[in-house]
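We begin with a single chain expressed as structure tokens, specifically the form predicted on its own.
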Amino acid sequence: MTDSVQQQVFEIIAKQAKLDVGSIKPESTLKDLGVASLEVIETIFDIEEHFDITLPEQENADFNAETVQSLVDAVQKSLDEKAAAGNGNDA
């Protein structure tokens, strides 16, 4: 995982939550950061649009209660899958 993905996710969360990006820690939850439920949805949409990905609807996924790191991991996984799919289409 690249730090830039984490940094970009943190910046999107900071913008949405109107926080200093330095106050966001991987172990924080969006709820801990004061992001309201509706803002969580908007944050996820912002992240999906920024990275041009669709985060998979995982069973029991709750980005409001899970850590920011789990969100970063989900973004990285989607980016990896997108890259792999792109490579597979070249054949």
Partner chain sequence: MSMADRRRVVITGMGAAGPHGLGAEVLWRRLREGSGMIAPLRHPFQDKLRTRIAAQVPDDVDLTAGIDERTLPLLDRVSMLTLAAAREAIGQSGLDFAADGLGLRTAVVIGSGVGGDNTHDEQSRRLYAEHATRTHPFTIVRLMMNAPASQVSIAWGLRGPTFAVASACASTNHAVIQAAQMIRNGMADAAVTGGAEACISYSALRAWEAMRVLADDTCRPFSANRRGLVLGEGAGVFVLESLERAQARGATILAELAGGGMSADASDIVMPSAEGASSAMRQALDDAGLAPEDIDYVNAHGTGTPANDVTETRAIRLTFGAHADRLAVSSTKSMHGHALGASGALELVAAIGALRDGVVPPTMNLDQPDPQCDLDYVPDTAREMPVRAVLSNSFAFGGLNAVLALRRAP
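Note that the coordinates shown come from a computational prediction; the quantities given were computed from them, not determined experimentally. Positions refer to the first chain, counted from 1.
From this point on, the text means the form predicted together with its partner chain, which you will not see here.
**Student:** Please run the contact check for residue 56 against its partner chain in the model of the complex: heavy atoms, 4.5 angstroms, yes or no?
**Tutor:** Contact with its partner chain, no.
**Student:** Would residue 32 count as touching its partner chain in the model of the complex under a 4.5 Å heavy atom rule?
**Tutor:** Outside the cut-off, so no.
**Student:** Answer for residue 65 alone: is it within 4.5 Å of its partner chain in the model of the complex, judged on heavy atom distances?
**Tutor:** The answer is no: residue 65 has no heavy atom within 4.5 Å of its partner chain.
**Student:** Is residue 27 a contact residue for its partner chain in the model of the complex, using a 4.5 Å heavy atom cut-off?
**Tutor:** Because no heavy atom of residue 27 falls inside 4.5 Å of its partner chain in the model of the complex, the answer is no.
**Student:** Heavy atom within 4.5 Å of its partner chain in the model of the complex: which residues of 11-40 qualify?
**Tutor:** The stretch touches the partner through 18, 34, 38, 39.
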